[in-house]
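Next up, structure tokens for two forms of one chain, structure 1 and then structure 2.
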Structure 1
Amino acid sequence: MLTPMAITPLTVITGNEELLIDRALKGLIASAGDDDIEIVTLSARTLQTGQLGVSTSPSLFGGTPLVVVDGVENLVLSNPDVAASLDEVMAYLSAPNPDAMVVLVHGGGNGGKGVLTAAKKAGAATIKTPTSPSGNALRQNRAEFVKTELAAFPCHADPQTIEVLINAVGTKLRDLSGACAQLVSDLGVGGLLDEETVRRYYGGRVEVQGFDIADQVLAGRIAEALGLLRHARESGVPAVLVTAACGRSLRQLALVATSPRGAPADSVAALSGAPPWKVKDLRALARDWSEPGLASAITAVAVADTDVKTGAIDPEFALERMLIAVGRARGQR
């Protein structure tokens, strides 16, 4: 949760997540305690000369103007296309209107540093929203986000349930937040959100079906995987999502299998991209997999992925052949 700050004529919000920036803005508006705030949103890249001055001027109806300038990171000296916009922002910062509120939103990176420096000199307050990581750390970050969102209702879920929800909804914060609110509201879940509820509610989502197929085939249950595949395809699940799920699960399994014996689950999770709770399951699965078997399975998935993307052969046949090959590779020595 972001702590509300006293409103100042200038505020800088930094971060790369639209949802968190929106929440920071709502916090600013709530802190202002002014029901007559008039919000204007401008793009930093397309500002015209004098536009900030006009936008921050009091209206005929007496509302306090709050002007949000989005994309400040694009204002760089080396880009002549934004020279006029940069001049407009810098001119305003040299003499900001004390009766208006201007919020500069910086999405991260090295761009717009001159604007940030000028804003700081002008006395701007700063709100730093959490920046989302990339790579393997992203899913762990999303799991923590879901845990926090559910706790606000209050409600909680175990790591497996949270992973299923992320697989179903995706990694966009706004989608995850909406899913948490919808599950609790529509289903009346109080205190505990379980995996069965999530699967029942999102059972038709393509991501869930893809990873269910991967889980079955990695465990050697070929017939079950083929049955799930037929159901998924009848439900309209794209073939590429099935190969992607199998490929990701195999990569996680390979990285867990080759991790140092006795390494902590958290460190193995960071290395493999698997959630910490799943490391134990993958370690158990790895006992039935050899390096040649993993190599054969990964190759089979790569071939199927190429086949379905290029249309070389029928997608149904390509996927069935892949699952059979992966399942048989499990016992290869």
Structure 2
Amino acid sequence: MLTPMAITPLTVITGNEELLIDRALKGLIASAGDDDIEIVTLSARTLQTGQLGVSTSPSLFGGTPLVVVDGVENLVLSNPDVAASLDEVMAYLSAPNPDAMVVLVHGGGNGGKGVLTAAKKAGAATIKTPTSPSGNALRQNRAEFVKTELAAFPCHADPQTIEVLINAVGTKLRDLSGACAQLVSDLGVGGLLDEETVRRYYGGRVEVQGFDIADQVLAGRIAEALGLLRHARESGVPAVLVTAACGRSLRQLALVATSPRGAPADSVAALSGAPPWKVKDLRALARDWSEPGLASAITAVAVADTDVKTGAIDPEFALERMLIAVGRARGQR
């Protein structure tokens, strides 16, 4: 080796988020100041005797070896399957190669503590990456993540926007990080990311529910409804929820449409089962609907529900046929 390098022969990275561990690794490589590093990834579970020694030996043509040992938490004494791996790691830790970099990745939990202690004794540096909480705290954690992610560009977004983004993209860090990078690269650095932009980018993906589909088709937008249907089905919305939502929306619309013209919104709401604030919207919608049209639309939904429940035909086809029939019924006089 010609250039002196700040290589750390032993490092322990803890954490359970792949993205953050990757970033820590990248940081490690950058600080080594060597662009000739050869990365080898090994799984702690399947180490063979001598494997660490071979991987860390300098090769004639390659650069500094960087060996990542994944899943150190699996190296528990009580599991005979990993006894060989454990021996291998411990043997290496008793005499680490000063010219190679070995990174032990520990995903959390109590397993593999013996390895960590031994590593520390051997002078390992420790990098702790944040672990993801579970339950309600997860969303909070992701919101923080998006905020720091954006701030790094820099770019800003209010909590509402971040919420919408998480709803659309999900809670996987890699996806969120990718989405942030994408949005910023298209918007330009230093800007303010607003909700509208997020909705425009991820419009089809923001929480599609059966009712969104029903809303579209009731308003006569068959193409949009079909698009939303595809997306909803992809994201796991059951077919019966789509028919139920369309059935309920049409029922409300029909009962609002047939209620006396001057009736107060509250009593119409009680009769139709629609919330009072929705009555006005439904009345406006109802102008494009005739009674025969509503009747045939409801029948189409009932037919689709039967098709889906009895498994008579492919649910996607049944639902698409239903949306088209309902959309056409709207024009029926």
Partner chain sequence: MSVFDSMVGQERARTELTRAVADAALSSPGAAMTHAWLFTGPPGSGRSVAARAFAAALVCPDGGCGHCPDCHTALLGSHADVDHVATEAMTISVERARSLVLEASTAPSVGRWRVIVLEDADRLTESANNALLKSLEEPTRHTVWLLCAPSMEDVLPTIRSRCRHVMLTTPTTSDVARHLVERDGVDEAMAAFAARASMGHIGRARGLARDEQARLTRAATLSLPANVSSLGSALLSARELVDAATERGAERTKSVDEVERVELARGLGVENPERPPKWARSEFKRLKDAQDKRRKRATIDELDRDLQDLLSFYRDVLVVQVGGEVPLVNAELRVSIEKVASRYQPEITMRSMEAILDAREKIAAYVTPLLAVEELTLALRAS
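Numbers given to residues start at 1 and step along the sequence of structure 1. Fair warning: this is a prediction, and the values are worked out from it, not measured in the lab. Just so we're on the same page, rigid core means the largest C-alpha set that superposes within 1.5 Å between forms.
Comparing the two isolated copies of the chain, the second one is the form predicted in complex with the partner chain. Annotation: Cα of residue 43 displaced by less than 2 Å between the two structures, core superposition. The two forms, fitted on the rigid core, differ between the two structures by 2 Å or more at the CA of residue 273.
Relative to the superposed rigid core, the position of the CA of residue 236 differs between the two structures by 2 Å or more.
Core-based superposition between the two structures puts the Cα shift at residue 311 at 7.7 Å.
When the core is overlaid, the C-alpha of residue 219 ends up 19.3 Å from its other position between the two structures.
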